[in-house]
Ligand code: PXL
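Shown here is one chain on its own, the form predicted alone, set out as structure tokens.
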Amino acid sequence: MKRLVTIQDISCFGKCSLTCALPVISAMGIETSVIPTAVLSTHTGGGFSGYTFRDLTDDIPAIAEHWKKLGLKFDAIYTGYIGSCRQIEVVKRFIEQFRTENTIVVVDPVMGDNGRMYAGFDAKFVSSMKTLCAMADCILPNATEAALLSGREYAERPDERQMREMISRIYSLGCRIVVMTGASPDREHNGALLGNAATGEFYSSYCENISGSYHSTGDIFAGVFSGGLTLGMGEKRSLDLAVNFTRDCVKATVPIREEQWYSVRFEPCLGQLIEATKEYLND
């Protein structure tokens, strides 16, 4: 059995970050270990206010030390939301401690969306995030994050030429694979564009666009894509699986959107993910 560790916050209600990464990756038959970077009562998206927050940065080194004594090894390390420059340095140290020549490192450089940085982040945090991206085999920025990492102007709907240009500039950070999520070649489609620095190849995966804003789609996409790489699916098949599964989760949410405005309804779709994983393993 493959083993992955994901490092990100846990929002006790709201179905995002660890509370969606853990079930999604586990459904793919991967032993999923977790390191919470913070504990929140809810996620911080629209609709919630007054949430509690506890920073767990100081706990991470002790967890790493215990795991080293146990001799634990990981096939993949996947990082999500990281709350501070100091926490980035702690996470980088963890990667240095546990990475082997066979470990895949995936970084979701969570910094902002819709052209704006999240509260509490600034230019210094962007610089710090770039140093974490430099350690990754693969990073998963959205359009806002790709603009921040590439030094380009944010475009709400960049065309494929602009996306390729940003991805090519991001290669200079040192990561081999860049997946730009939320890529939209037109108003009817949505998906992701992948660039491979080693081959110079680009690969896109698009599905029908479903109007509206849905929380946690990025976390679901990142979890499935990371799981696919961990299982050895390869970047293209992992991308297709992540795009299509995320779409299916959004579709399952549309009929009850008013009730589940805080997240997508991924639970009914886990069976499909299990079957898709079995199909790959049986090929």
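All figures in this text were calculated on a predicted structure; none of them were measured in a lab. Note that residue numbering follows the sequence shown and begins at 1.
The following text describes the form predicted together with the named molecule, which does not appear among the structures shown.
Within 4.5 Å of some heavy atom of the named molecule in the predicted complex lies at least one heavy atom of Gly45.
In the predicted complex, Cys16 approaches the named molecule with a heavy atom inside 4.5 Å. The closest heavy atom approach of Tyr81 to the named molecule in the predicted complex falls within 4.5 Å. Ile60 falls outside the set of residues with a heavy atom inside 4.5 Å of the named molecule in the predicted complex. Screening Val110, Cys133, Met163, Ile77 for any heavy atom within 4.5 Å of the named molecule in the predicted complex leaves a single hit, Val110. When the named molecule is considered in the predicted complex, only one residue from Ile35, Ala252, Leu40, Leu231 comes within 4.5 Å through any heavy atom, namely Leu40. Exactly one of the stretches 214-222, 23-31, 252-260, 232-240 approaches the named molecule in the predicted complex with heavy atoms within 4.5 Å, and it is 214-222.
In the predicted complex, not one residue of 130-154 has a heavy atom within 4.5 Å of the named molecule.
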